[in-house]
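Let's start with one chain on its own, the form predicted on its own, as structure tokens.
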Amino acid sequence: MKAGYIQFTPQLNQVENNIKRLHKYIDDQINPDQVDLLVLPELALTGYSYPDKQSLGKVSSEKYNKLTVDTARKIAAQINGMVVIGYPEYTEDGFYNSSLLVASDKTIGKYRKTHLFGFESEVYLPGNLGFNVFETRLGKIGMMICFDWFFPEAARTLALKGAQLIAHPTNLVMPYCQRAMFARSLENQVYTISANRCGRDNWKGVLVFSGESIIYIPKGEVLSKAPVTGEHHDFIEIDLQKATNKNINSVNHIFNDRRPEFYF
């Protein structure tokens, strides 16, 4: 299969325009035969910096949730594949920072960000769906979002549940994640795709996003790395079967050798 990312720069509050720009980017830059799984950034169509629930509510409603699903399905149909997209999910209880795994004809899975970063806790509810793995025609795919990378239990849980690939929509502002995903990939022997955004938002000052979307193979080697600035895409041929072998050598197995009775 071919899997990869689009490093995109959504403009705050400009959902419809961001959708048009994303479709144009795909039309102009991407051959549909290039990709089976496309990972887009966290909050890919809305921008990131919503300081309160009132401002977030203007781009997160049943209408906009449907628009996100429709956009993802249209892109999935265009590539005859699957799309992971981050979005602000509206519910009667409040807002979640969520992601969807979508095919052209259906939503395969949903994830809600478990570990909220900074001011996100002022506008979003902490995710309550846990870390789940979704069986697809391509393989077993799990999702986590941005700051979840800081907690190794997130990727480990997905790997223990059978994930071969972890799709990781992000809006990174700290400089560590791209290096840290080396460990998440290696220690779990899984593929990881971190789809970051670039550009900047204004919220109590300027937030500058770090770009450098990155793909790791199960041995912790970089398959693709985007530049710090500028929109970018890359799609890589991968073999998910390589993520089923958890042997380090003829003796050691990363899961069988665990000693959970000694872990806190």
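Here the structure is a predicted model, which means the values were calculated and not measured. Position 1 is the first residue in the sequence shown; the rest follow in order.
Missing here is the form predicted in complex with another copy of the chain; even so, the following discussion is about that form.
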Close approach of G127 to another copy of the chain in the predicted bound form, 4.5 Å, heavy atom: yes
Quick one: does N249 come within 4.5 Å of another copy of the chain in the predicted bound form, counting heavy atoms only? yes
Is F147 a contact residue for another copy of the chain in the predicted bound form, using a 4.5 Å heavy atom cut-off? yes
Are any of the heavy atoms in Y216 no more than 4.5 Å from a heavy atom of another copy of the chain in the predicted bound form? yes
Report whether all of G109, V133 and K140 sit within 4.5 Å of another copy of the chain in the predicted bound form, measuring from non-hydrogen atoms. no
Please identify, from 100-108, 154-162, 190-198, 76-84, the stretch that has a heavy atom within 4.5 Å of another copy of the chain in the predicted bound form. 154-162
Going by another copy of the chain in the predicted bound form, which residues of 234-264 come within 4.5 Å of it through any heavy atom? I248, N249, V251, N252, I254, D257, R258, R259, F262, Y263, F264
